[in-house]
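There is one chain below, alone, in structure tokens, taken in the form predicted alone.
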């Protein structure tokens, strides 16, 4: 479904980002993952190469808070492959801090990674997509729609990502660039697996489909939106949450 496509996945070294990268590789894309550290990028690439050595994958670790670092890496990717077809803005910072306990540094970090980096990467990627068009996909969250009991900066930035997604879809449509987001629900990540049973069971009880989602469930949604099957879909926030009841 993605043969010949060049895809960048930020936050692609673990969790949902890793599953997206792996799914795109299986569909014959060339994938470039971004991570926060050289070590985590190399570890993820080694893990993928152990699955299938001839997957076309490489990685970088730019500071997503610095536009010039991001631009330099995007330019290097474009010079190497001659195009950038797909950008997945997946890197993010979660938060469960109570309102009165937030420090300015944490607030700034959440805004920088969850929102500003999405804006900056989209801005730069769109300049490379102007000639041939492309796809920009953002990772949102169910809490952008429902909120959460603490860590208010996380849903605030994810709701902002929804607004950015819809606005960029309208702005970039004339350049044949589609922009969508995926809002995962309760997904079976390493963090969730480590929760005690008494916390997991009430979560599952709120899901009409009766189970948590998997990383592959979310990756499948990204694959669909990245592919030509979604060629007339833009500006959507696709919920992947099993019809979660708030």
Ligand code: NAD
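These numbers were taken from a predicted model, which means no experiment stands behind them. Positions refer to the first chain, counted from 1.
Keep in mind that the form predicted together with this ligand is not shown, yet the notes after this line are about it.
Between the options 177, 64, 219, 57, the residue in contact with this ligand in the predicted bound form by a heavy atom within 4.5 angstroms is 64. A single residue from the set 93, 160, 145, 73 has any heavy atom within 4.5 angstroms of this ligand in the predicted bound form; that residue is 93. Among residues of the shown chain, residue 16 is one whose heavy atoms approach this ligand to within 4.5 Å in the predicted bound form. The shortest heavy atom separation between residue 154 and this ligand in the predicted bound form is within 4.5 Å. Residue contact check for residue 36: one or more of its heavy atoms lie within 4.5 Å of this ligand in the predicted bound form.
Interface residue remark: residue 206 is not counted as part of the site for this ligand in the predicted bound form, having no heavy atom within 4.5 Å.
Residues from 138-163 that approach this ligand in the predicted bound form with a non-hydrogen atom closer than or equal to 4.5 Å are 139, 140, 141, 154, 158, in the order they occur in the chain.
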